[in-house]
Each structure stands twice: as C-alpha cells, then as structure tokens.
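First, one chain by itself: the form predicted on its own, in structure tokens.
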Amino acid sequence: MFFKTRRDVFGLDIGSHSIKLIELKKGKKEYKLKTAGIKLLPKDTIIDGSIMDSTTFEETVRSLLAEAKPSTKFVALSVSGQSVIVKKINVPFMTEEEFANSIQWETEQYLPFNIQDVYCDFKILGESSEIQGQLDVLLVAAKKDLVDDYQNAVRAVGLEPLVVDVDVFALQNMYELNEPLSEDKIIMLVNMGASFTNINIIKNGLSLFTRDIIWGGNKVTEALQKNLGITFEDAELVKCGKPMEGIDINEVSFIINQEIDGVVNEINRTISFFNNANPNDVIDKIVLYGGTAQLRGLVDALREKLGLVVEIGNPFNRIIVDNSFWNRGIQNYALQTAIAVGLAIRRLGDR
C-alpha cells in the first residue's frame, strides 16, 4: 500500500501467535506455491501489533528463513489494528496526480492522528453515487512508528521491505485470486487471528467496508487459563481439543462458547454498521480464514445468529501446490496463510 516495487517479493505475515511466509511463482495462467513456512512466536513477543521482544522476533524470523529458503530478500509486509485507518471519503473531481499532491490537506480532517505521524495512500473509486460532483476515494493511513518498526525489524535479519500493505486488502487480494468473482454478490471476508479479527466487505472487486476487531484466539486461551487455573500453554492445547486430566470438557465448551458469543455479536454489529451505511446492499456470504476460524462451534454459531451462509475459505484454492508441501503438513496451517498469500502477489503500482 505504501511502497511500490518492480521486483518480485514474498509475503511475510507477522502475527502475535506466529509468522507466516509464502512465496508464489506466477505462470501464464496461474500461480504456483514456491515456498511456505510458519514459526510460532513465544507469548508476548508481539502485543497488539507492536514488537515487544526484538531479539526473539529476529531469531524466529531467521529460523523461518533458514527452513523456507525464499529465493529473494525482498518482502511484502502488512499492518492492522488501531494504528491503521481505512476510510471512504468524498472529494471534488480531480485527477489522481492532483489528489496525490493535495492528499495532506484533503485528508487531515478525517484522521484521528497528526498528519505528520502517518503514511497515507489512496485509491480513487470513481464518481460518487451519493454526492453529485464528488469522487469516492478510499483513504488508508498507518502510523509511521508501526510501519517503521516492522520495516526495521525485518531489515535487521537481512530482508528488504518493498511493500507495506494493510491486512484487510491483502485478504481481499488472496480471495480474488482464489475465487471467481460473482457480479453484484457481496462477500464478507473475515480473517480470525490470535489478537485481531480483520473484516473486509467486498463487491465487484471493491472494498465497501472494513473493520478490525480486537478479538482473537488468544482471548479464548486466556479465558480458559483464568477459569480453569492452568498455564497458557495448556489452555492452548485444551482449546484445540486435547483432553487433559482433571479438566471437565463441558466446562471447556461453556467457556469457549461464551467467547464465541462475544465475537459473533461483534460481527453482527459490523453487519449493522454496514447496513446503515449501505441500505441497498445485503451481504450474501461470509468466508472465514485464520487459525481461529477453526474454533469448535464458531461456524454453527455464526450461521444460527446471523442467518447467513458461512464458509471456511481456502487460500490455495487456485494455486498449484506440489505434493511435497502437503507431505510437510501445510494443510495444518493453510488457513493461517491467507494474509501472506495476499501479500505474495503484490506487484508494482497495484493498489
């Protein structure tokens, strides 16, 4: 989103639970998976998107690079959370060049941050259907300290960041690569990670509404840890369905279902926000990605509460994957690679 490149890059998705790496090779008609990998991060290495333990972070990335062996040092990263703003605004008719030259004073009024403290980018969506004589513009801003921290962290291990995107748009790129776009169908993409849930509602290749919810798999783990009096590591195992002596499976289910109710309510609120802003549009389907999307009971709870079609997505649906990757267990973390796949297809000048 913020830096463009002519070079091929690989995608590196930095999460609070793990770091995912995806490199793709583009053929004439399709992409092929070139390399992939994932490394878990020790707890509290990254908190709320900020790198708290740079030494552990660097060691983890070096280990991932040694195993995955990407063919380039050039990398695409992405950011999300409270330090990132995505907003559709209206401006008078002007060219892209004119808007780029005036972006500071055109957008400052829409940002909760000082304009000097953020990187900004934009995409002109076209003539506004709501305000005559105006253009719809998608504005993206991210705090410089967050972006710079990520760039400096990967430079410390010998990588060169050439693209910095936003999670919700990497998610959209991944989906559009893998799924045929149905004209006028409105799709809610939901990526459920360890700390954040990223939402992007799209139609005809355009993003209509985005939101980051501060909720993820760690919240479930912490609830189990607190209520059952066990370690965070044991709570992770219990969350994933591993039986443990002295732990009542019914109590585990009750705790997990309470947390599921919370995020389902937040997703329902997001739909209400979207409906209020877009009264003529109706969401046709929800597609889930991310490791937390596999949480027991989540899909059923969403279907029951929202009355919508809810599916688990596949980040490799239209990507050629050699059998060697399946033999190495990529299916065990495929859902977690959605953002990294979206980053891996970034190229010069795309937005």
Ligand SMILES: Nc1ncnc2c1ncn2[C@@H]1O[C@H](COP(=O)(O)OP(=O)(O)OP(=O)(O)O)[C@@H](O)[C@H]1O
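Predicted model, so just to flag it, every value in this text is computed and none were measured. Residue numbers here begin at 1 and follow the sequence given.
There is another form of the same protein, the form predicted in complex with the named molecule; it is not shown, and what comes next is about it.
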(message) Considering non-hydrogen atoms and a 4.5 Å limit, does the named molecule approach residue 193 in the model of the complex?
(response) yes
(message) Can you tell me whether residue 45 touches the named molecule? I mean in the model of the complex, with a 4.5 angstroms heavy atom cut-off.
(response) no
(message) Using a 4.5 angstroms cut-off on non-hydrogen atoms, would residue 291 count as touching the named molecule in the model of the complex?
(response) yes
(request) Would you please decide whether residue 217 lies within 4.5 angstroms of the named molecule in the model of the complex, comparing each non-hydrogen atom pair? (result) yes
(message) At 4.5 Å between heavy atoms, only one of the stretches 172 to 180, 119 to 127, 232 to 240, 82 to 90 reaches the named molecule in the model of the complex; which one is it?
(response) 232 to 240
(message) Using a 4.5 Å cut-off on any heavy atom, which residues of 17 to 55 would contact the named molecule in the model of the complex?
(response) 17, 18, 20
